[in-house]
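Shown here is one chain on its own, the form predicted on its own, set out as structure tokens.
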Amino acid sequence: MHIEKHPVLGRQLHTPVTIYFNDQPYQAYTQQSVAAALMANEIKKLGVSRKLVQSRGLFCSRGRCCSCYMTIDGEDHVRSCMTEVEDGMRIYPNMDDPEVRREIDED
């Protein structure tokens, strides 16, 4: 659910755009972060944790925790809470990190 009018800040949604998450189209608005746009579209799992391979979602929303890493337009490990949506943006969850997991599995 998008917040169309904030009680203090007023109208927040601007130009609608289409983003693609796992190749499925979703509506977003310019000046929204990728993470906020996905949350507004009921997508809460942004990837899995490296060590325990558990679901990761939006945690700090300030670019500090790295919980929201995603692959955006072919670039891996992008902080989705700090990246604004663009029309036609391709977004994929951060589901694996084979080099790190390989080291963990060897321990």
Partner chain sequence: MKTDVLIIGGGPAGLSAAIETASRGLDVTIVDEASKLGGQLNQQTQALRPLPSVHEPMRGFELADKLIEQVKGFNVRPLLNHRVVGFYADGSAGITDEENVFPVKAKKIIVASGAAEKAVAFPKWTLPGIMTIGAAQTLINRDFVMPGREAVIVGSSDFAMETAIQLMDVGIRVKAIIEKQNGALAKEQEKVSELSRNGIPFYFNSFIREARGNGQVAQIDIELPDEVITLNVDLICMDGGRAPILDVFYQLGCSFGFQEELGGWVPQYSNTFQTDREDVFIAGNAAGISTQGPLLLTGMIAGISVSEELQAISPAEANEIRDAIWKELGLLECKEVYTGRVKHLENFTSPVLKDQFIS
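Positions refer to the first chain, counted from 1. Treat the numbers as computed from the prediction; the structure is a model and nothing was measured.
The next section is about a form of this same protein that is not shown, the form predicted in complex with the partner chain.
Although the partner is absent here, Lys51 is not a contact residue: none of its heavy atoms lies within 4.5 angstroms of the partner chain in the predicted bound form.
Put simply, Gly10 is close to the partner chain in the predicted bound form: some heavy atom of it is within 4.5 Å. Although the partner is absent here, Glu84 sits close enough that one of its heavy atoms falls within 4.5 Å of the partner chain in the predicted bound form. In the predicted bound form, no heavy atom of Ile72 sits within 4.5 Å of the partner chain. Residues are counted as partner-facing when one of their heavy atoms sits within 4.5 Å of the partner chain in the predicted bound form; in 49-88 these are Gln54, Ser55, Arg56, Gly57, Leu58, Phe59, Cys60, Ser61, Arg62, Arg64, Arg79, Cys81, Met82, Glu84, in sequence order.
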